[in-house]
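Only one chain is shown below, in structure tokens, and it's the form predicted on its own.
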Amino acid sequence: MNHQKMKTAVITGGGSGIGLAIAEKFVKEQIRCILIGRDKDKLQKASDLLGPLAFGVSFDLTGLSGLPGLVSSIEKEYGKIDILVNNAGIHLKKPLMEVSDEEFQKVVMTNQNAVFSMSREVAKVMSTRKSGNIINISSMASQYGLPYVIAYTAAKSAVEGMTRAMAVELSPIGIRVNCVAPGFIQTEMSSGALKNDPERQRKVFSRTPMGRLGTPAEVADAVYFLASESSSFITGVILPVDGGNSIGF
């Protein structure tokens, strides 16, 4: 494979869960992956697992002022960024009347502000080449009301709105922007949450027409589709990968 021809993707939160599954799919398709996360060990494990096309970069995305430097150092070291996947997110499960302003801000900082700032910086370098692909990861929490995740819901709803706004501004200069909204996916985080909450589990299955949880690989396939030329005339969409959950009754 000619390294000049090889595409480079930056995946935030690429060390585990859905982010790691996206990286696995990309590497399989010969796309070089730069995984960004806070946990050095997790990143090291992930890049060992993925092989020579994956590189971990330890960085806390909430340090917004450091993002321009991060993007330019990635471009210097690994070549141009062709694809950005904004996947990093943190969760907080708590009744809204108990969520403090600090807790709310913390979730919004990672799940919304960092997505904006990272996209802005990557769009700057993509715009010089008039090509690129930005894919945001949102959530069922922005499709309908879920209890106890108010900050997460606010941020993910913002991500879907930003997807449309970014697509309108950036698509004329050759940068497509899309969003994948995973439904209930079997990850360590979610299966733990559902196992301890049989009522929630019953609810999830009863309103998912396909009657099962999705896999991280199924989300990764959708992200790859949006990052590939197979979706060359698609921009500004929010694609639910949810077994029909968002339309289920």
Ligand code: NDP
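Given the structure is predicted, the values throughout are model-derived calculations rather than measurements. One-based numbering along the sequence shown.
The same protein also has a form predicted in complex with the ligand, omitted here; what follows describes it.
With the ligand left out of view, the stretch that reaches within 4.5 Å of it through heavy atoms in the predicted complex is, among 169-177, 72-80, 85-93, 119-127, 85-93. Annotated contacts: 110, 138 and 182 all touch the ligand in the predicted complex [non-hydrogen atom within 4.5 angstroms]. Only one of the listed residues (46, 220, 61, 31) places a non-hydrogen atom within 4.5 angstroms of the ligand in the predicted complex, and that residue is 61. Contact with the ligand in the predicted complex, defined as a heavy atom within 4.5 Å, holds for exactly one of 208, 215, 201, 190, namely 190. Contact annotation for residue 17: at least one heavy atom lies within 4.5 Å of the ligand in the predicted complex. In the predicted complex, the ligand stays beyond 4.5 Å of every heavy atom belonging to residue 56. The ligand in the predicted complex comes within 4.5 Å of no heavy atom belonging to residue 197.
The closest non-hydrogen atom of residue 36 lies within 4.5 Å of the ligand in the predicted complex.
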